[in-house]
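Consider the single chain below, provided in structure tokens and representing the form predicted on its own.
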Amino acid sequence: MLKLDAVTVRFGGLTALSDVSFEIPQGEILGLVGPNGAGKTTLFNSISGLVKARGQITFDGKNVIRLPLHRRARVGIGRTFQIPQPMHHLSVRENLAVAQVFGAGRYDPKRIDEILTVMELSHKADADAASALALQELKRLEIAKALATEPKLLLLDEVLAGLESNAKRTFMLKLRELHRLFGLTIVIVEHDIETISELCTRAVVLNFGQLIADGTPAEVFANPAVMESYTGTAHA
């Protein structure tokens, strides 16, 4: 479904991503991990079109690297942001409507109602999205907005950050449900090794903008280079 070939991003003299290449088949749940500053969010921004990158990003057989943000959304690339970004002065339902028109190019209230139900936000549908939602609800809204764009590929940027263990487990169950209900391919950025090991079938590790490991979570987290990237010391 998605293929990255030598994806490189530079900000002035800083190389944020350097020749990153890997593939994601349809239906996979992939964990994208690495220490702070490794390039994970930059990679999401490259895939979704928020930053310009060199190389090739092929989605469903088409190189999309030159497509603008809204065109990538309309071919099926959806994403969330690490910090929830509800649209102020709009209700929860209106947030989804704006996202749907932007990403899917149409307004389908039935689909929005379905997403509100799945994300357990129906009771807050007419509430102000920026002021009436608790943290977990804001995170569910962030995912709901991404779902409203009707993605085939869903990029989740630390949607579990800040949640305690029981809430994380509940969210993982919800992500599995979304994967099944909507036939999604999911890439999730997450620092918690246990979460990645339980949720994902595969993990890719970045460090200093370079891909340093790719394999099952067990293989990746036993890799000495990965251990060193997190601890700063080689594993004995």
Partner chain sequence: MTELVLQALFSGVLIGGVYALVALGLALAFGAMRIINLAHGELVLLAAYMAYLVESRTGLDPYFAIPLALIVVGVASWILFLLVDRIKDHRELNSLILTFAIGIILTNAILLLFASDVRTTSSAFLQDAVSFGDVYAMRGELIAFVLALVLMGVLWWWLKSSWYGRAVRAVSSNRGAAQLMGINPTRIETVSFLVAGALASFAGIALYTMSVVQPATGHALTVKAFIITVLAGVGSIPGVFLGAVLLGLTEALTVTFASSALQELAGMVLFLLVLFFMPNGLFGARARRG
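If you superpose the two forms and keep the largest set of C-alpha atoms that fall within 1.5 Å, you have the rigid core. Values in this document were obtained by computation on a predicted structure and should not be read as measured data. Positions refer to the first chain, counted from 1.
Here the subject shifts to the form predicted together with the partner chain, a form of this protein not shown in this document.
A.B. asks: Of the listed stretches (132 to 140, 117 to 125, 161 to 169, 69 to 77), which one has a non-hydrogen atom within 4.5 Å of the partner chain in the predicted complex?
C.D. replies: Contact-bearing stretch, as computed: 69 to 77.
A.B. asks: Would Ala99 show up as a contact with the partner chain in the predicted complex if we use heavy atoms at 4.5 Å?
C.D. replies: Contact with the partner chain, yes.
A.B. asks: In the predicted complex, does Ser48 come within 4.5 Å of the partner chain, counting heavy atoms only?
C.D. replies: Yes, contact at 4.5 Å.
A.B. asks: May I ask you to list the residues of 75 to 103 that have any heavy atom within 4.5 angstroms of the partner chain in the predicted complex, in sequence order?
C.D. replies: The stretch 75 to 103, when checked against the partner chain in the predicted complex, contributes Arg79, Phe81, Gln85, Pro86, Met87, His88, His89, Leu90, Glu94, Ala97, Val98, Ala99, Val101, Phe102, Gly103 at the 4.5 Å heavy-atom cut-off.
A.B. asks: After a core superposition, would you say Asp108 shifts its C-alpha by at least 2 Å between the shown form and the other one?
C.D. replies: Comparing forms between the shown form and the other one, the Asp108 CA shifts at least 2 Å.
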